[in-house]
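The form predicted on its own is given below as one chain in structure tokens.
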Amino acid sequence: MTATLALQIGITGLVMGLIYMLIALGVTLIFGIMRVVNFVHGELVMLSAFAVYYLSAEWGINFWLALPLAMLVSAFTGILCQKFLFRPLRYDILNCFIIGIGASFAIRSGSWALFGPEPRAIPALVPGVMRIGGAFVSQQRVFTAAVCVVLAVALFLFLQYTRPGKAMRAVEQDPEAALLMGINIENVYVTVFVVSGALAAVGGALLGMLFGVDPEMGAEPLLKSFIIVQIGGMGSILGTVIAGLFIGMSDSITETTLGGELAFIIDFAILMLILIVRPKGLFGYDV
């Protein structure tokens, strides 16, 4: 393997790992605070990508206006799921798991009927190619990586230093104590779904610009997200970041050397090995 090829693999793995990380952060945020496994998250990625496509490519709306609108659509859909799917079940982990799978299939099937099977493409926001070392990389991928890093840092700052973020951390640590301190837990849950939906929307838009948009596009990122969250530890933000980058690099190496068909097999093998050694994941805690 030449140094140029190794650099190309590293850049590709970094970009994909950051996208996986961004989408997985929404999954781990909901589980860490609510103990709910949200299978609808992948469909939020897909719906947001379609929203950005129609708003920007079909209706001519500027991308920087289309993206916030898609984030609103995704956040609103997440709130509907919280209000009408998970809340009536009192956030029971098993029942929410089952109904989430059903809702995911229902949304995906409806998307096939509504959008059709033809893939679409969101126009690249930053066209062109740049050279890094001896490797060539599209400027769109560099832009994608930068957006993911900025949003991950923004999420950290939001959780650490804002009032809603501190309330979310308090509910995660001890819901009963948070309630006694006057924190409205249901409002916190709504905030969690809003933030998670916004992250899914940005992830969907970035994936749509790189690989196109279709009704099945949310399935693979969702599965990758679950692998990442399990490896990093359910509910761990730091674990999700590290595991996302690791899986991105692993996929890039596997797809280049062995073919894309083996990427999921390798990912699951890594997951099984880590869970055998550490059942809670790298940074996880007991549910």
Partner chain sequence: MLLEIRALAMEYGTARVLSGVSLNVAEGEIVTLIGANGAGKTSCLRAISGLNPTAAGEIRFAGERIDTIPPRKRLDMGIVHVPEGKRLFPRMTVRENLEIGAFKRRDSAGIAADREAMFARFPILQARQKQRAGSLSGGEQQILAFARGLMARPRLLLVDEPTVGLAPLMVQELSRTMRAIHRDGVAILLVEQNAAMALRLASRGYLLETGRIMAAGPTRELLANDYVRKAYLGL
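What you see is a predicted model, and the numbers here were worked out from it, not measured in a lab. Residue numbers count along the first chain shown, from 1.
Below, we refer to the form predicted in complex with the partner chain, which is not included among the displayed structures.
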Checklist entry - Would residue 163 sit within 4.5 Å of the partner chain in the predicted complex, counting heavy atoms only? => result yes
Next on the checklist: Can you work out whether residue 87 and the partner chain are in contact in the predicted complex, taking contact to mean some heavy atom pair no more than 4.5 Å apart?
Outcome noted: no
Checklist entry - residue 154: heavy atom within 4.5 Å of the partner chain in the predicted complex? => result no
Next on the checklist: Contact with the partner chain in the predicted complex for residue 170, defined as at least one heavy atom pair within 4.5 Å: yes or no?
Outcome noted: yes
Checklist entry - So which of 125, 73, 178, 190 reaches within 4.5 angstroms of the partner chain in the predicted complex, heavy atom to heavy atom? => result 178
Next on the checklist: By the heavy atom within 4.5 Å rule, which residue out of 146, 80, 183, 132 makes contact with the partner chain in the predicted complex?
Outcome noted: 183
